[in-house]
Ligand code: RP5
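What follows is a single chain, given as C-alpha cells, in the form predicted alone.
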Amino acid sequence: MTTVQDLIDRLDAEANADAGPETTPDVGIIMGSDSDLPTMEGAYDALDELGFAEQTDFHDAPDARFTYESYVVSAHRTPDLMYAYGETATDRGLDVIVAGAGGKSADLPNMTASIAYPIPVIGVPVQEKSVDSVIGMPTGAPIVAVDAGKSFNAGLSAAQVLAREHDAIEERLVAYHEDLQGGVADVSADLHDLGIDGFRER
C-alpha cells in the first residue's frame, strides 16, 4: 500500500532528479478526493485535445512535447502531502497547477496557490457550494478560478499560461478556437436556412 510518506519521497526525488520529460511535467492536476475525478476529467480532456500527454502515457505518445501529471492531494487529510506538492512544484518543472476541491471547505486550490507561489494555480470548485471557498483569497494571495464544475475551461486556461512561451501550444489553441467559431457559424446557417421548426427536427 502506498503511504503519504512514499508520495512525499517521490515528489522530493523528482524535484532533485536531472531534468527530463518524465520528471518535468508542464501542468499539474490535483484534486482533494478521487470522488472529484468525474468533475476534473474535463481538464484532462482539454489538455489531451491540445496534444498534451499524461505522464504515464508519455512513452506511448512520442509526438507529445508537453505533459501533465495528476495526484489526489487532500488539504485536510494529507496536509504534509499538500505542502510537499506545492513546495516541490517549481523544482519539478511545473508551470501551472489545476486544483479541484469540493465541499464548503474547498481549501486545496487556495492553500496550494499560497505554497506554490508564484506558480499560477487555477481553482476548480467541484460543487456550487465550493465556489466561495475557492475564490475567497485575500488581497496579495491570488488564485485564478473557473465556475463550478468547469474543469475543461481550467485545462484550456492552463494551456493559455504556457502558450505565450510555446508557439506549438498557441497554434493548437488558435486552431481550437477557430473550430469553435466554425461550429457556431454552421449552427447559425442551419437555423437560418431551416427555420426554427426545421432546425428542431434536424
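Counting begins at 1, following the sequence as shown. As the structure is a computational prediction, the values presented were derived from the model and not from experiment.
A second form of this protein, the form predicted in complex with this ligand, is not displayed here; the remarks below concern that form.
- This ligand in the predicted bound form comes within 4.5 Å of no heavy atom belonging to Glu69.
- Contact between Gly32 and this ligand in the predicted bound form is found at the 4.5 Å heavy atom cutoff.
- Heavy atoms of Asp36 reach within 4.5 Å of this ligand in the predicted bound form, making it an interface residue.
- Mapping the unseen interface onto this chain, Ala101 counts among the residues with a heavy atom inside 4.5 Å of this ligand in the predicted bound form.
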